[in-house]
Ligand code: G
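A single chain, nothing else alongside it, follows as structure tokens in the form predicted on its own.
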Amino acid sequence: MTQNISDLSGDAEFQLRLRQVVLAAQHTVKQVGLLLIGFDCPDHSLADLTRMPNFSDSVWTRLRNTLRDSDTVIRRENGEIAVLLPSVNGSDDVILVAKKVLGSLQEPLLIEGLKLDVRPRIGIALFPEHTSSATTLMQRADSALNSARRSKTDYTLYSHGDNDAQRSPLSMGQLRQAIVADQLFLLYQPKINLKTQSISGLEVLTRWQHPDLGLISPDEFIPVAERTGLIIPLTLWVLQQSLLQCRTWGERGIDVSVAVNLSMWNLDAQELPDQIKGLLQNIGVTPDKLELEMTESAIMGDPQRAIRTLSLIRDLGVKLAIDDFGTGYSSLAYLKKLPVTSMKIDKSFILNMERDKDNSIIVRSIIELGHNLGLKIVAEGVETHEAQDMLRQLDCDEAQGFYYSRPIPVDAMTEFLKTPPVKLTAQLTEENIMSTPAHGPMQRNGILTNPKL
């Protein structure tokens, strides 16, 4: 099967797949269905379920025998499961699939000797019936899932108007307010050197805790930022906060680098190299402590401009990485010209690579290609010991994924950096983070003492 289970932490994998499917459907008579599956359990919270190491595998095994080879299954960061149906014949067809999914999950799940009675709830949305936007399609499915949970029904088909009643579309003003009112915070996920088993760096991930709407997914606010131009000040805020925290760690004797993601719109900004130079000088962090990650798609929007901008940044001594490699459409002619220092293999190739021969062949080829170009290779989405061992055998340099740690807040990461074991013992999820009272206000010196950087 071609199904994948992976983290949807605002990453490009599922969004790219969703956009590709919607774009293809725009030129045909096909409809696209999206199922969003949540779980209720009388004895365990959703956070408890997602921390169980075999929960997602058990669910995926049930779904594997229910769905088609062309369907895509991906685990969201909050424990929900998204099922993308690239070709359906209207709502009746999608509802039939939803009923099959419910049937496959009817029997208790056996996890580590425990029988768990879970009640799946499903939200359903369709393209183009409910929206013409890939991003909004996810929002509509989420809205339908919330409705199913409130009414305690097995599944709910999105109804026009429901979304507005539950959450109005995010506005430019709301996001601008979030940037200046300390509603944004950062999480960190370590990258591990596969040869030494030491931390080689931290990827920075942005989250929004709205005072009324709760935790807002990056899949909702990043498109708003890109559409309105707020992606520029948002990225600068993330860069500033990341470098401030990097300096604080350095003052405590903790030597670690941070990696921040850039979008296509950042690469279009001619002033970006000077802004980065100014931040490094003002905060007092050496350039080698900063890495910038960008996807192939972001680079290929205007490759000539991207190469010029990235070359100026690389001249500062900042490290550069191609993120989610393998999901875009980059030309090898441009790839060899890019002033990048590392390449991150997209998690869709890493997940299940120990059981999928095609994926393992692709991973081997990417590693060999990257090394021939003089690049460091990082594998994303490592979730098992077997995957780690395979990557070592393939001479991969670094790894990142749930096997080592989920993205965690600054306090937890600081404690871990002080006395790092081989594998994180505190597998904190965003549900844990949001449920704790540790979200105090940002200190006015720009450094946070709690989960918000």
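It should be emphasised that the depicted structure is a prediction, and the values quoted were computed from it without experimental measurement. Quick note: we count residues from 1 along the sequence shown, nothing fancier.
Heads up, the form predicted together with the named molecule isn't pictured, but that's what we're talking about next.
Each of 66, 105 and 154 within 4.5 Å of the named molecule in the predicted bound form, by any heavy atom, yes or no? No: none of 66, 105 and 154 comes within 4.5 Å of the named molecule in the predicted bound form.
Is there a non-hydrogen atom of residue 206 within 4.5 angstroms of a non-hydrogen atom of the named molecule in the predicted bound form? Output for residue 206 is yes: heavy atoms within 4.5 Å of the named molecule.
Classify residue 39 as contacting or not contacting the named molecule in the predicted bound form by the rule of any non-hydrogen atom within 4.5 angstroms, answering yes or no. No, no contact at 4.5 Å.
So in the predicted bound form, does residue 380 come within 4.5 Å of the named molecule, heavy atom to heavy atom? So residue 380 counts as contacting the named molecule.
Might residue 79 be said to contact the named molecule in the predicted bound form, defining contact as any heavy atom within 4.5 Å? No, residue 79 is distant from the partner.
Please determine, with the chain shown alone, which of 275-283, 206-214, 359-367, 311-319 has non-hydrogen atoms within 4.5 Å of the named molecule in the predicted bound form. After filtering at 4.5 Å, what remains is 206-214.
Let me know the one among 351, 73, 137, 144 whose heavy atoms come within 4.5 Å of the named molecule in the predicted bound form, would you? The option sitting close enough to the partner is 351.
Have a look at 299, 94, 262, 192 for me and say which one sits with a heavy atom within 4.5 Å of the named molecule in the predicted bound form. When the named molecule is considered in the predicted bound form, the option within 4.5 Å is 262.
Stretch 207-229 - residues with a heavy atom within 4.5 Å of the named molecule in the predicted bound form: If the 4.5 Å heavy-atom criterion is applied to the named molecule in the predicted bound form, 207-229 yields 207, 217, 218, 219, 222.
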